[in-house]
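Here we start with a single chain on its own, the form predicted on its own, put down as structure tokens.
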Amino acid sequence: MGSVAKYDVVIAGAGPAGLATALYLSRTRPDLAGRIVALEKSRHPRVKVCAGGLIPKTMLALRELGLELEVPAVEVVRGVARTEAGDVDMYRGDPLCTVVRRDEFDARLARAAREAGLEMVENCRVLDVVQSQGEVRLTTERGVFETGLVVGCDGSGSTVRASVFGQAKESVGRAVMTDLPVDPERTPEFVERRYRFDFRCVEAGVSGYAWSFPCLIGGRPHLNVGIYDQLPPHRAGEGARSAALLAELRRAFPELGLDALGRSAGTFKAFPIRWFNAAERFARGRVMLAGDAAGVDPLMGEGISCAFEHGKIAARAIADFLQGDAGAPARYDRELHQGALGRKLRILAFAARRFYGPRHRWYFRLARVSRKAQQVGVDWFNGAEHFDELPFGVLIAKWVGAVLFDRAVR
């Protein structure tokens, strides 16, 4: 690509956030086909390191977009959490999570976006982004792109973010994970269709939890096992951080035989997780950030539902901008801070400071007091039936009704 390519909008990154932006936009502005391009540094289906849990909020978004899942998945209906204050067992029979492989899921979204008219340039890594004189210029491995608006959806290590917003690392967590083949008839995660969380690592200084999810890889049952740390010591070396997390992961699941983790190359995968920080901005000039580039749930590190919500809001901002509304990017930033998603992420950041803070035992004890309160919390986190969009006063009333008067949660 020797010459400069010009588009009305460039989406940097073709993961869930970038593809959701394109899919939502295609529903309201199908006439924009050919005027928007997504730049993807790899090629679908591409390897993506992620546990792949789709909470009910994400499933609602897929239905809203008219998309069938169409990829192998394991539906989880039971959740077990271990804490220093005791265990919590959540079961009602309705789905808590649907576990997919991200290479298959993202490729499904990419196919749908292409069918809706999105142009995509793959094997096209963004190298630099510069704003000047009413346009944005992106230098990539495949040449130069010029546009009136950029949506940075290029992950936790976003080049768009680094070029335009700076290199802040204070809000970047870390996770390590591995996949283990298992016998589904002898593995509780498959027998009981459950996932497991273990928060006992908080006592050892890890601001997060270990997890075990059932999944299918090439049609074969596996466990996806990993650990998330919201606030790793950024001055420590990469190897030291991974070793500390792997030690806690082995301690959480001693029955899984994880002793070989970290002793040779390729036994685990490590990756950053940028979480939502209300002190940051998500639009500057003609550049907006979405998905992991903007920040995900601080408490659990869940990001796929955030990607779809960001995509929906970004699509509205793009449509308004192309209609001549120069204030649309700034309004997008306000929506991410003050809208339903922003309120939810601020509450989750507040919860992370408590559950991963010095008085974590007290908060874990409090969380175990009422099963109905646990159900309210899980439904709100999962966004089941858009539960997370309820006004705060309505949510509190439901919580009081469920806990004090034994009323139905939903």
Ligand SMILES: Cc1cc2nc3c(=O)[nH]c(=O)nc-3n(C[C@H](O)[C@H](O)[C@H](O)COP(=O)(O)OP(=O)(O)OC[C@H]3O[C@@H](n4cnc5c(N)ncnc54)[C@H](O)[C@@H]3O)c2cc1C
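Start at 1 and count along the sequence shown; that's the residue number. A quick note: this is a predicted structure, and the numbers were derived from the prediction, not measured.
Below: the form predicted together with the ligand, not depicted.
Enquirer: At 4.5 Å between heavy atoms, is T159 in contact with the ligand in the model of the complex?
Expert: Answer yes; at least one heavy atom of T159 falls within 4.5 Å of the ligand in the model of the complex.
Enquirer: State yes or no: in the model of the complex, is some non-hydrogen atom of L118 no more than 4.5 angstroms from a non-hydrogen atom of the ligand?
Expert: No, L118 stays farther than 4.5 Å from the ligand in the model of the complex.
Enquirer: At 4.5 Å between heavy atoms, is G53 in contact with the ligand in the model of the complex?
Expert: The answer is yes: G53 has a heavy atom within 4.5 Å of the ligand.
Enquirer: Can you check whether A33 is within 4.5 Å of the ligand in the model of the complex, heavy atom basis?
Expert: Flag for A33 set to no.
Enquirer: Among 353-361, 60-68, 366-374, 37-45, which stretch sits within 4.5 Å of the ligand in the model of the complex, heavy atoms only?
Expert: Among the listed stretches, the partner-contacting one is 37-45.
Enquirer: Find the only residue in I318, C201, L96, C124 having a heavy atom within 4.5 Å of the ligand in the model of the complex.
Expert: For this set of options, the contacting one is C124.
Enquirer: If the cut-off is 4.5 angstroms on heavy atoms, which of these, F165, F253, F271, F268, is the one near the ligand in the model of the complex?
Expert: Selected residue: F271.
Enquirer: So which residues in 128-163, when you check the ligand in the model of the complex, have a heavy atom no farther than 4.5 Å from it?
Expert: Sequence-ordered list: C153, D154, G155, T159.
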